[in-house]
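A lone chain, given as structure tokens: the form predicted on its own.
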Amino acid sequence: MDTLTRRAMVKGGIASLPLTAAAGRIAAAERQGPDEFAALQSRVKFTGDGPQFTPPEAIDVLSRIVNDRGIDADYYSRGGVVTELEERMAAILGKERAVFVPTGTLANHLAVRVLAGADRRVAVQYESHLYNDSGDCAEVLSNLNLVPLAHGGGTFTVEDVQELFDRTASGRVTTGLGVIAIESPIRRRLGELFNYEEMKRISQFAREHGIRTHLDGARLFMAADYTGISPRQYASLFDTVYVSMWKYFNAPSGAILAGPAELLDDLYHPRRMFGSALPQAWPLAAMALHGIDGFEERFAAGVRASEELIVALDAAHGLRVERVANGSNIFELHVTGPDPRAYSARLALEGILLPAPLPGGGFALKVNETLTRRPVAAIAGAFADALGN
């Protein structure tokens, strides 16, 4: 879309333009040619943890991977580049084995399933993805009993675990606490981090009492940049750990579950039982490997840019930034003046994409590597100009 067209649309009143029409014009630009493709790759996206490639961008990346290094195909998610990804992630996380699965929902489910054994109770956070957003899969499909802790917060304490452990042991019917599962950062709490010192205490308690542990570390590699604690350090506190391959490593889908060989060597059998031995997973694994290379440097640069941007936005008239307590890569932006959807549409015409407005107003903006695609001053200026003052 050329500059004159954008200016005409803004001058004509983007608030009066149907949002579907604006979206249609933006989508059409994705199909027009080299200039439009370059515009795609200049977009600054506050909508996700990573670049969230469009189909043209994903195809371009896969083509470059094929030309630069080639891709050794897998067979039903075994061998080839899938094994290469598994070995790479196991080494990074300091675990004996890693297994590729198509989704994080399945990674978390398989983890607590294999860890629990005969002790069917699993301690989880009340706000966790496993408890709220997985369709009760652990209960329905694996006969596990998820017990939520930390109502109204993100971090439960070792005292909470002790109380659950004692209550479980005192039951008239023998029931064991088999697993403690922790999610960090916590999606439902806008990327809030689980307190690391409490995490260490809980890990020690679990080891002393023969309870196995799992970390839902979907966004673990981003957390590391905010805490200074490496993914390997985090993973060392847990028997198993899940990391997303699509949220910021840019695969179309996929997850890695890493842990001890005794638990994961034959995990491809339950993976297949759950219908998730993809006949060809090589596009997912190849793009994940590609995204892992250089991620730490790219994301760190995005974080640095975001810190400058937050200062600039908070200083602008009509904008207010609110940090998430003990947060990671999400901050809230509150806008005074225009309708939130109209404001978002104005920025979209300039190649700056916002998520849907929050129910109470404002936006939960996600920091990612796309923040380095333009100078911080230019991004801040676009946010101010879109106010229409």
Ligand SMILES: Cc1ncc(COP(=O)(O)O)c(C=O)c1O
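Don't overthink the numbering: it's just position in the shown sequence, from 1. The structure presented is a predicted model; accordingly, all values stated were derived computationally and were not measured.
Not pictured, yet referred to below: the form predicted together with the named molecule.
Enquirer: Can you pick out, from 78, 129, 304, 201, the residue that has a heavy atom within 4.5 Å of the named molecule in the model of the complex?
Expert: The option sitting close enough to the partner is 129.
Enquirer: Go through 156, 221, 165, 246 and name the one with a heavy atom inside 4.5 Å of the named molecule in the model of the complex.
Expert: By the 4.5 Å criterion, the partner-contacting residue is 246.
Enquirer: Is there a heavy atom of residue 83 lying 4.5 Å or less from a heavy atom of the named molecule in the model of the complex?
Expert: Result no; residue 83 lies far from the named molecule in the model of the complex.
Enquirer: With a cut-off of 4.5 Å between heavy atoms, is residue 97 one of the residues that contacts the named molecule in the model of the complex?
Expert: Residue 97 lies outside the contact set for the named molecule.
Enquirer: Taking heavy atoms and a 4.5 Å cut-off, does residue 259 contact the named molecule in the model of the complex?
Expert: Taking the distances in the model of the complex, the answer for residue 259 is no, it never comes within 4.5 Å of the named molecule.
Enquirer: If we define contact as a non-hydrogen atom of the residue within 4.5 angstroms of the partner, is residue 88 a contact of the named molecule in the model of the complex?
Expert: Contact with the named molecule, no.
Enquirer: Select, from the options 191-199, 232-240, 101-109, 315-323, the stretch whose residues sit within 4.5 angstroms of the named molecule in the model of the complex by heavy atom distance.
Expert: Looking at the other structure, the answer is 101-109.
Enquirer: What are the residues of 362-383, in order along the chain, with a heavy atom within 4.5 Å of the named molecule in the model of the complex?
Expert: Result: empty, none.
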